[in-house]
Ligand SMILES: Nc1nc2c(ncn2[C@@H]2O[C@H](COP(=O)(O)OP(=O)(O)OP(=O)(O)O)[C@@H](O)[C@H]2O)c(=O)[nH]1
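Take a look at this one chain, the form predicted on its own, written out in structure tokens.
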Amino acid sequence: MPVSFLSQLQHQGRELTGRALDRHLRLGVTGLSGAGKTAFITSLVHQLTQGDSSDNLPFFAVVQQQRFLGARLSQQPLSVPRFALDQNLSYLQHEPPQWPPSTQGFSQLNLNLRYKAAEGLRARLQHSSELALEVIDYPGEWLLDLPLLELTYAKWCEFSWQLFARPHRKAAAEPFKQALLSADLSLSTPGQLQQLTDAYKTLMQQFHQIPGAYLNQPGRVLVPGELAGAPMLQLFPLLPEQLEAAPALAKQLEQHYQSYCQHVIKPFYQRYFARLDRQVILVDCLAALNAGADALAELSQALKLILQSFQYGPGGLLSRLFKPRIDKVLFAASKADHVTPEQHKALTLLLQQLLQQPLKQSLYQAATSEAMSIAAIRASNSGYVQVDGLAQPCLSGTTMTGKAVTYFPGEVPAAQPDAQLFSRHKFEFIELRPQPWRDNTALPHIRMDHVLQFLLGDKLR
């Protein structure tokens, strides 16, 4: 029997036992590319394994009550890629410090959390208790494939070209549109198919560089992973009027689309997403504000489409064992360290409005949800400067180009601005480098203790 298969069976056995005893938790970290998933997971694991002091995590009850005995990395299946924790931490120690690179494939990190129970039989009969925690990471681009399961190829073509007609996308989409219009689609040769596929991949790469262009599908065109070169990735949306005019090519592309949904999206969803117990949704509202009204609207649409694919609801014994549901979901506005502290409430309110429909849906399905503004790894210090004899809030940090700055980044609207406000005012929240950090200290953060309490507090009682 192969070692990896045996390892997988052992892991599944431990997971089933842990679920039966409510001693196993699977956490999915969700967010579009650039929302800060890698930094979030790096910080979350480091806070549990290295930063577990009451000074650093004052609102994490198990730490504050001195019941937390520690966390350590544990064994995971040999066939599952390991989240690059050490590599990510090393980037923060570079001179100058750098943000860890974005996720390029699926990965996982397993931890054992040990603590003293505060109540129940475990508190009376056991010196210590354990909780197995699995943290799941994957490219944000792959998330955007989930809505394709609800669309036919023809509907996807219609959706795509409506999207490409929006002001922040239209100019970039024009060359690909002209390539489709000028191609002899009746030929449908392998060379022509690959040529148009390459043109679409170029378009997706251009969209990926446009601020506020979030809905780029299929995600594997941008981050193919192990599917690089697979025929099913010869996939692009024909113009709606071409679907009947080029039946042979349309049929071939529809077969690739169905194969992609059946053999890539569904197995990936069933293996990883369908078994989540709890979820973090990271949203970079500030980048969307910088990009304008169309970007903010597309961000809200993308999040709504993604969250429709998850199952929310209370987790009883049978559901834990056979049909897990997400019983807690945290909506987090990332990069709260890029605005001054008195703007955090407005940032949270803006996030809640962007997620108004998904929040209602998760509450309707009886999942517990919360929204907050966080910085998984803080990149600034906040303070005040005197302006005309008055104390004004400010931030100090270092820009990505290495310039030290002390500034007021501007106000965050507490509600989604209309197009008129964007026409009168340009938001300019700047990107900051990480602060210098030594590995024998806790990573600086904003509200990661609140995050840990919400996600894990009830399991560590």
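Just so we're clear, the structure is a prediction, and the values are computed from it rather than from any experiment. Start at 1 with the first residue shown and count on from there.
This next part talks about the form predicted in complex with the named molecule, which is not shown.
Here is the short version: of 44, 32, 62, 412, the single residue with a heavy atom within 4.5 Å of the named molecule in the model of the complex is 32. Listed residues 264, 238, 350, 375 were compared with the named molecule in the model of the complex; 375 is the one with a heavy atom within 4.5 Å. Using a 4.5 Å heavy atom cutoff, none of 147, 159 and 294 lies near the named molecule in the model of the complex.
Among residues of the shown chain, residue 129 is not one whose heavy atoms approach the named molecule to within 4.5 Å in the model of the complex. The closest non-hydrogen atom of residue 102 lies within 4.5 Å of the named molecule in the model of the complex. Although the partner is absent here, residue 379 is a contact residue: one of its heavy atoms lies within 4.5 angstroms of the named molecule in the model of the complex.
Contact annotation for residue 431: at least one heavy atom lies within 4.5 Å of the named molecule in the model of the complex. Stretch 36-44 is the answer when you ask which of 389-397, 36-44, 413-421, 49-57 has residues with heavy atoms within 4.5 Å of the named molecule in the model of the complex.
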